[in-house]
Every structure is written in structure tokens, then in C-alpha cells.
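Here we start with a single chain on its own, the form predicted alone, put down as C-alpha cells.
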């Protein structure tokens, strides 16, 4: 790793938000790789342009840093959903775009998946303490609730859709695609994880969720 110049040090000192983002990026990778117990703050500090003392200054302790890294991982996916600008789209198209985004995001962010896996191993002990994560995920359900309402008002979605269950179904395929890749590949080969295989699974995942949500005979408007 190259040495940090005096100019860079001054820049980081004058930009505490950038310092914290740098720390969180490195911390997320370290916690995802080694878990909470195995991660080392010394290692995180050595891979950033700051010090262990500064990390504790910003985040309090190792648990505070872990929690903020977990929150940052959830924030990234929720911010990505917001940027989709789904409100002006037909309900079927909005749902299809949300499913495709979730699949793509999880595939591109395996550290997020590993962090969630770690939390599940620990029965969500740390996640449950974060009001930030609860608020972020309530917003995700609110978004799906609105899409479902618009689809039902338009007569294209089934009545009685449960937005939380729909979120579960979207997450299930997108999450499994990353979390179980090593074991699935070892048993069945890697073809499904090549670009062509991933494109096919992505398309089928979108189709499957639309089939759950839409009334019989209603198709995705993009395919009509």
C-alpha cells in the first residue's frame, strides 16, 4: 500500500465524512470476511487513511463500527431502490424493475449478503438493536405496499397481496443466488453463475414474482 502524502492527510482531516465513509467501506469488507469476532480494528485501520484511535473517536468501539457498517450496507440497497423512480411506472413494470434491481444489487454486493448471513448466525442480535435498519426496511415495505395498491387499483394485481411476503419472495431468490453459490457450484457446476446463466435466472425471477402478483392473464406491459 502506497504512503499517504501530507496533502492527502490534510484533505482527510478536513473532510470527516469522507474519512468515515472510507472506514466503513473497509470495515464492511473486513467484517464480511471474518465476522464480528474475527475482524480486527487494527487491520481496518491499516487499510484506511486514518488511525485506530480515530476509528474509536468516530464509532465508539468495535461494536459501534460493526453496527454502522451493517447500517451502511442496508442503506446502500435502500438508496438504490429510491433512485429507481418507480412511481411513474405502470405497477407491473415498477415491480419488475424492483425485482431486477434487487437481483443485480445482491449479485454485485456479496459483502452485504455475507453480513446478513453473519447476523442470521447470531440470530440478528446486533441488527435488532438498530433503529436505523428497522426504519430503512419499513420504507422498503412501504414502497412495495404502494406498488401493490396501485396494481390492485388498476385491476392487474391480485387482491390480498402481502407486501412483506412479496419482499421475502424477492429477497429469497436474489439472496440464495449469492449465499449458496459455492455449494451449488460444487454440486452442479458453475454454468448458472456465468453471465448467460445469471441473465436467465434474473429474467425467470422477475417473471416468477410477476406471476405471484398479477391476476391470471395479465402480462408485463413491456412484453405486450
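Since this is a predicted model, take the numbers as computed values, not measurements. Think of the rigid core as the biggest set of C-alphas that the two forms share within 1.5 Å after superposition. Numbering follows the first chain given and starts at 1.
In what follows, reference is made to the form predicted together with another copy of the chain, a form of this protein that is not presented.
Relative to another copy of the chain in the model of the complex, residues 51, 56 and 59 are all farther than 4.5 Å at every heavy atom. The closest heavy atom approach of residue 79 to another copy of the chain in the model of the complex falls outside 4.5 Å.
Contact check for residue 107: every heavy atom lies farther than 4.5 Å from another copy of the chain in the model of the complex. Proximity of residue 132 to another copy of the chain in the model of the complex: non-hydrogen atoms within 4.5 Å are absent; the residue sits far from the partner. Taking non-hydrogen atoms only, residue 167 approaches another copy of the chain to within 4.5 angstroms in the model of the complex. If you take 53-79 and check each residue for a heavy atom within 4.5 Å of another copy of the chain in the model of the complex, you get just 74.
With the core superposed, residue 150 shows a C-alpha displacement below 2 Å between the shown form and the other one. Here residue 77 counts as shifted, since its C-alpha moves by at least 2 Å between the shown form and the other one after the core is aligned. Taking the rigid core as fixed, one finds a CA shift for residue 132 of 2 Å or more between the shown form and the other one.
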